[in-house]
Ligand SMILES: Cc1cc2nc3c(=O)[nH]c(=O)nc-3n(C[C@H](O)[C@H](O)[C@H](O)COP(=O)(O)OP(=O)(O)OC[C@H]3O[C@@H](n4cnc5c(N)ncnc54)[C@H](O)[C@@H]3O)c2cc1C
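Next comes just one chain, in structure tokens: the form predicted on its own.
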């Protein structure tokens, strides 16, 4: 079978559909269905699609009790992450800059089993804002305080729980459902099956079609329209909770390269987070679901995190020189490496080679983050050379 390629910068889903229609299905038909009669499928979108899930509403005191074999492997981070308190959130840019980059410190001292090495990645599980959650619940008529458990529908094979449950509808929409990311065209086709108004259904199917790719790009992708926006745009959509959980994409973790040394800060993880905020075409404000969550969290409040090992490491021979290039928040791992080099030289009394850093940003007076720390590294000899570029 001919191999297919897709362009993720353009229309990956469209490239797949072209390959599927022109290569995949014709090849399978030639191999296995030469003389077979092809059944006529009923493509009536008025009938709800089959659902793999079944929801049972429970007493509100029910707590999650999941065994490893009951967990869907694709979302195991929902089950293995740690709730850790935040100790510090501080702005790194000056008031002259309208943007925001925050320094976040997370206390992992009581998270048994959560350890990291310098320049590892921290996975952070985002949380949707209360406004988004309430809007979706209002659109679909869900009781946010209802507690439910999810299981396989009759005659459906159970693939493992997609998230911890029993849980509340509020918790589910908050932590496990991607409500703001732009849905794929195939998702719009699924949504059309739940639209009661023919106009809503027609609009969704049009944008889901190959002929509607340009409209989909303009109205969904470029406009940064998420599921929450589509439910407002097509108010006739009605979906039982189990169906919603079937077609709604999962909210995936965001990964940040840790900006602290595990030798210097073994009980604390530091992150350097550029906060996403922009004005959408309709005038509403787009906020990064994870960066805004981290920026808005208050000291002692918790975030849900886990460690992911990295191959980004200092040379084992500490006497070797290192060259680092880290513009903007790209300086995060370089800060961790410099802390580690300082520890090796001062505490471990090792011979440490030269450390050279190239850093760039807009203006020294606006977003030269960690400026004082870089000067300190220069002063104590940890940072041999610092080259700056301001645009």
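Positions refer to the first chain, counted from 1. It should be emphasised that the depicted structure is a prediction, and the values quoted were computed from it without experimental measurement.
Another form exists, predicted together with the ligand; not displayed. Remarks below refer to it.
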Q) For residue 207, is any heavy atom within 4.5 Å of the ligand in the predicted bound form, or not? A) no
Q) Heavy atom to heavy atom, is residue 245 within 4.5 Å of the ligand in the predicted bound form? A) no
Q. Can you check whether residue 170 is within 4.5 Å of the ligand in the predicted bound form, heavy atom basis?
A. no
Q: Could you confirm whether residue 332 comes within 4.5 Å of the ligand in the predicted bound form, counting heavy atoms only?
A: yes
Q: Name the single residue among 78, 256, 116, 194 that comes within 4.5 Å of the ligand in the predicted bound form, judging by heavy atoms.
A: 256
Q | Among the candidates 212, 288, 162, 85, the residue which, in the predicted bound form, approaches the ligand to within 4.5 Å (heavy atoms) | A | 288
Q.
Looking at heavy atoms inside 4.5 Å, which stretch does the ligand contact in the predicted bound form, given the options 146-154, 266-274, 296-304, 226-234?
A. 266-274
